[in-house]
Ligand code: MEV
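Only one chain is given next, in structure tokens, and it is the form predicted alone.
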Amino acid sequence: MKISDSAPAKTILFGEHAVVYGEPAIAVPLSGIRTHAEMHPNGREFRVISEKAHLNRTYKQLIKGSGLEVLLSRLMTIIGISELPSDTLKITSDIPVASGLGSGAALSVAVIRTFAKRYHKTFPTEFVNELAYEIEKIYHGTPSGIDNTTIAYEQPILFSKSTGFTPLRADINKLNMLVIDSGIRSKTIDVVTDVRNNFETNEQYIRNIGTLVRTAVNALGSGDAKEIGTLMNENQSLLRKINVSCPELDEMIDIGMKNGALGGKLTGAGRGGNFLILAKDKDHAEKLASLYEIKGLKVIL
């Protein structure tokens, strides 16, 4: 008998970089791309298989102290078992690794919920979120908690250092949003450091981003796609002013805008990585996706 569960990716819709300086940010789940965890008996020994990660190991063969090894150990303690079952844990994922989309947190949430089903346990979302956050510390050292919270609750989240996390009432799935990989790689630490070193120059732009995020909360709540697109464009303009975009990324976003997109912006650290394009409707999204694919870019969602 197969038992399975899944968890979505996440992205920052508004407020990246400004959130570091006390301003709010909005993260949203990307329900269309997910990590799946499936367990089924094999009659021999517990084994983890992930073709994407080139992983085919028993529990004892996992790297001691790795995120997955610690998670499995914690689950044994929580469930009250001394050893893992003679099952295969198969992990598949549509979420690119190391792309700012929360692949690590999605893996943790999917595995936790699959184990809960396997042992007929009911884990409250808050508990799932807290356990996933423990594992995020292994992956990221001092994570903000944005990834695991957005993914565990699978709803938009408003976050700031002063107020913590606030779930937002918004159906992000009604937005025709594309997530596209620019193909450009940059180091997050370099971008963050540059913003910090130029904080005096950047401060007003950073505060303006915070104001924009507060406006975006209402736009999301009302589902006003046109207003959300306008705010995305304004956010991108401010991100350019603090020098976290790049000419190549600007050009890629401009392709969407010239072809009728409601809005476009980078997501995450910037100077590469992923960017978001908001289409008018489903048909328009498909046309834009085809356009980007023709140009050799990978449309993640």
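We number the residues from 1 along the sequence you see. Note that the structure is a prediction, hence the values are computed from the model and not measured.
Another form exists, predicted together with the ligand; not displayed. Remarks below refer to it.
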property: Stretch from 173-181, 108-116, 139-147, 225-233 whose residues place a heavy atom within 4.5 Å of the ligand in the model of the complex; result: 139-147
property: Heavy atom within 4.5 Å of the ligand in the model of the complex - residue from G256, G67, G268, G272; result: G268
property: Listed residue that, although the ligand is not shown, lies within 4.5 Å of it in the model of the complex (heavy atoms), from T188, T211, T166, T92; result: T188
property: Partner contact for L288 in the model of the complex: the ligand, 4.5 angstroms, heavy atom; result: no
property: Contact of L13 with the ligand in the model of the complex (heavy atom, 4.5 Å); result: no
property: Contact flag, M76 vs the ligand in the model of the complex, heavy atom cut 4.5 Å; result: no
property: Contact test in the model of the complex: V217 vs the ligand, heavy atoms, 4.5 Å; result: no
